[in-house]
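Take a look at this one chain, the form predicted on its own, written out in C-alpha cells.
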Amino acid sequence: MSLLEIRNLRTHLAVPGGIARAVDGVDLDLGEGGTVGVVGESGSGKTLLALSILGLPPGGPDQIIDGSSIRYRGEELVGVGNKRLREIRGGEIAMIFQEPMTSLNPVFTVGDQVRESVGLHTSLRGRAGKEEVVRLLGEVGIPDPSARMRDYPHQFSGGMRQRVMIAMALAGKPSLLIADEPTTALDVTIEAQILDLIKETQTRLGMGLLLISHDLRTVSKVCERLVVLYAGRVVESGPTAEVLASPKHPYTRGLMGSRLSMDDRRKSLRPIPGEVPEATSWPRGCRFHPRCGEMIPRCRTREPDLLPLEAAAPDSGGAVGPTTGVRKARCWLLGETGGGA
C-alpha cells in the first residue's frame, strides 16, 4: 500500500529577483514501512520538498502550484486546509529538523518541550504525561532521563539534542518520519549512532522514512530506495544498491566522486565544478549541463524526460536486463527520445 505519493509537485516562491521554482515537477513514492533517501547539494530543493509535504513552505501552502499532488494514504494534502494539516503534522507525519539547537527553545527545559509534543498528540496529562516523557527520552538513548528532562538544551551535546528531537517526533506515534539532514555537524561516530537509532526506530514502529541528505553514503546505510534531486528536478531514482553500483546520471556520479570513505584514502576527490544555479533562472535544456563534463549539444537546448531504464544488475557480470525495481534517469546520453518541459 502506498503511504506517500507525490506527483508533479511544484513549489514556487516569490523572492527578490523573480519566482524561485525551487521544487519543479517532482514525483516520489513511499510505501508503508518503506525507506526513501532524497539526495542532492544545497539548493537542490530537498528541504522545501519536505516542508511542502507538511504544508509548511515559506509563505504557506499557497506556494504549492495548482496541478501538484501530495497524497498521504490516499488523502490529497494539497489544498486540504490548515485544520487538517495541523492534525497531520506531528501526529501522522513528523519531521526531524537539521539543526536541533535552533529548533529547541533555549529557555524551556528539554522535558517541557517533549511534554508539549506529548500533550498535543496524545491524551496523556499530569503524571502520565511525565512518565511518557521519561519513556521517550529513555527510548532514544538518553541516560538517566528522569533527571536529564530537567536540563536545558545548551546542557546537551549535539548528538543528545538530536535524540531529543527524535523523541519529540515520536511522541505522536507517526506513520511517516521525515528526517532532514539529521546528522549535520555531528562527528562520524555520533552520526552512525543517530542513523542506527533512526533506522532501528523506523523498523520497530513500522514507520515510513523519508531521509534527506547531501551525502550518498548516509542514505546508503538506511534507505532501500534513492531519489537524486538537482535544480528542483529528479535526475535519477531507483533501488539504492543498484543506483550506487551503476549510477546512470552524470550528477549522481559526481556526487559519488566528491565524497571519499576511509577505504578511498589513496584516491583523489573529484568535486563537481561550479554550483547549483539560482532557482529564479534555471538553465535552458538539461539543468545540469553547465557543470557536466559529458555534455552533448542537445543538452543545451532540450531537457530530457525522466524515463524508466534497464541496467546491468551489480552481480550480472555486465549483462543488461531489468532491475529489481523501477529505475529512472533524466539524461540524453541514455538514448531518451522525448523532450521535457
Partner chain sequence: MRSLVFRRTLTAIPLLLGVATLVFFALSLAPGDPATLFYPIGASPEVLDQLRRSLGLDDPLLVRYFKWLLGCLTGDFGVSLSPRYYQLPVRDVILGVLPNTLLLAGCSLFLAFVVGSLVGVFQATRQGSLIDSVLSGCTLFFYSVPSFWLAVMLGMFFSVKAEAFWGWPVFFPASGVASPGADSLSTWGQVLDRAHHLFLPCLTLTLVMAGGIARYVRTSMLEVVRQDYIRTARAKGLPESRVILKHGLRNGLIPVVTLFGAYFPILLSGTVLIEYVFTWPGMGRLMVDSVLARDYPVVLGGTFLFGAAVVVGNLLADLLYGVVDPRIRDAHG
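Positions refer to the first chain, counted from 1. Keep in mind that what you see is a predicted model, and the values were worked out from it rather than measured.
Note that the form predicted together with the partner chain isn't included here; everything after this is about it.
Taken together, the three residues 22, 220 and 282 all stay farther than 4.5 Å from the partner chain in the predicted complex, as judged by their closest heavy atom. Think of it this way: in the predicted complex, the partner chain has a heavy atom of just one of 204, 154, 127, 173 within 4.5 Å, and the residue is 154. Though the partner chain is absent from this view, in the predicted complex it lies within 4.5 Å of a heavy atom of just one residue from 36, 51, 64, 26, which is 51.
The closest heavy atom approach of residue 89 to the partner chain in the predicted complex falls within 4.5 Å. Taking the partner from the other structure, the partner chain in the predicted complex has no heavy atom within 4.5 Å of any heavy atom of residue 245.
Of the heavy atoms in residue 97, some are within 4.5 Å of the partner chain in the predicted complex. The closest heavy atom approach of residue 123 to the partner chain in the predicted complex falls outside 4.5 Å. Stretch-level contact analysis of 285 to 293, 38 to 46, 52 to 60, 271 to 279 against the partner chain in the predicted complex, using heavy atoms and a 4.5 Å limit, identifies 52 to 60.
Residues 89, 90, 97, 99, 102, 103, 104, 105, 106, 107, 108, 113, 116, 117, 120 of 88 to 120 are found to place at least one heavy atom within 4.5 Å of the partner chain in the predicted complex.
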